[in-house]
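So this first bit is one chain, no partners, the form predicted on its own, shown in structure tokens.
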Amino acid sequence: MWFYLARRLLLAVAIVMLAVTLLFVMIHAVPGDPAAVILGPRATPEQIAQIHEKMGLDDPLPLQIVNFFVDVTRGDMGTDVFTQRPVSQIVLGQMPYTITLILSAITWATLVGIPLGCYSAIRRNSLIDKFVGVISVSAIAIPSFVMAIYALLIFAVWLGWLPAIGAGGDGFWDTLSHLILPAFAVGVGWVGYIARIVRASMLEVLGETHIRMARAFGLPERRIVFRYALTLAILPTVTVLGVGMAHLLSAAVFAEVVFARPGLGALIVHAVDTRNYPIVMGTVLVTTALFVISTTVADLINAALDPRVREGL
């Protein structure tokens, strides 16, 4: 198990370095001078040269990449070119908003999707099963940004039940009320994903030999479903949720922009618009690390739940 964990950590570091390097190259391939964008149209050549020197833009691209990773190992992700604040302070200050949004979205989607998928598998081909299937596919097909816009129009503008923009902060209930619509928009598609995955896994597990043996011994159906079948059927869902962190981060970008919430998504959109390289690199580094951590945790949870996975390690 420890050897597997060590391999996963080494792979995680390699993935983060590769992702950041590729983005570094793509950002520098975009036409235009970031120094001219930062300083504006009235910038003098001397001022542009100062920004180039300060940001290290005159160095060869491979050297810029190496210098970035060397600085990261010292805990330095650079300095914001506009506010002169440390990038780590800015990014880590926005990260709790995004993590709260993602966890809220995936929590309510899991709490709704697993029972729906489980019940559909138990009542296979029934009217309820077909209805849940239609709803699940519809939820998957609707893009998160479309759901965010309609949720904003219906519940915030037309009905006035919930606040439209911001993250709140005037106590717990104010923060919660500002979180409901973004979390709904980000998580609604995952209700469909989780329901369909759980249904397919449950149907497969319910047909296995140990389930038939449990029924032959007269065990209660409820115990068979929740104690023996669901424990195995939920493994693919755990894996999908871990890998789905990247999709949740991208959905959070739209939600944070639509609802004018602070967070990593809104931060990176503004940084790309202004060509603020240090903020872009710092944000991508953190989001990539979050994605890798989530997939590693999902693999470890699978190993803890399923002895067959542990034996294969």
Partner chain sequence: MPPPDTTHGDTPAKNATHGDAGAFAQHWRQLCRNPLGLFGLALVVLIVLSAVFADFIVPFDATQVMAGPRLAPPSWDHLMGTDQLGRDVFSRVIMGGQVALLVALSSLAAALSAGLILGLIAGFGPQWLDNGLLLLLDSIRAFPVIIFALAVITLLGPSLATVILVVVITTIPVYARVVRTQTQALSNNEYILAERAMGAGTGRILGVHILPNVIGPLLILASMDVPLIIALEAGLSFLGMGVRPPTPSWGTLLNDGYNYIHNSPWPVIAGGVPIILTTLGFTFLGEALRDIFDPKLRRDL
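Numbering follows the first chain given and starts at 1. The structure displayed is predicted, hence computed values, not measured ones.
Another form, the form predicted together with the partner chain, is not on view; read the next lines as being about it.
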Heavy atoms within 4.5 Å of the partner chain in the predicted complex: which of the stretches 103 to 111, 153 to 161, 183 to 191, 89 to 97 has them? 153 to 161
For the partner chain, considered in the predicted complex: do all three of Y119, I128 and L241 come within 4.5 Å of it, counting heavy atoms only? no
For V137, is any heavy atom within 4.5 Å of the partner chain in the predicted complex, or not? yes
Quick one: does E46 come within 4.5 Å of the partner chain in the predicted complex, counting heavy atoms only? no
How about L9: is it within 4.5 Å of the partner chain in the predicted complex, going by heavy atoms? no
Counting only non-hydrogen atoms and a 4.5 angstroms cut-off, does I65 reach the partner chain in the predicted complex? no
At a 4.5 angstroms cut-off on non-hydrogen atoms, which residues of 111 to 148 are near the partner chain in the predicted complex? List them in order. V134, V137, S138, A141, I142, P143, F145, V146
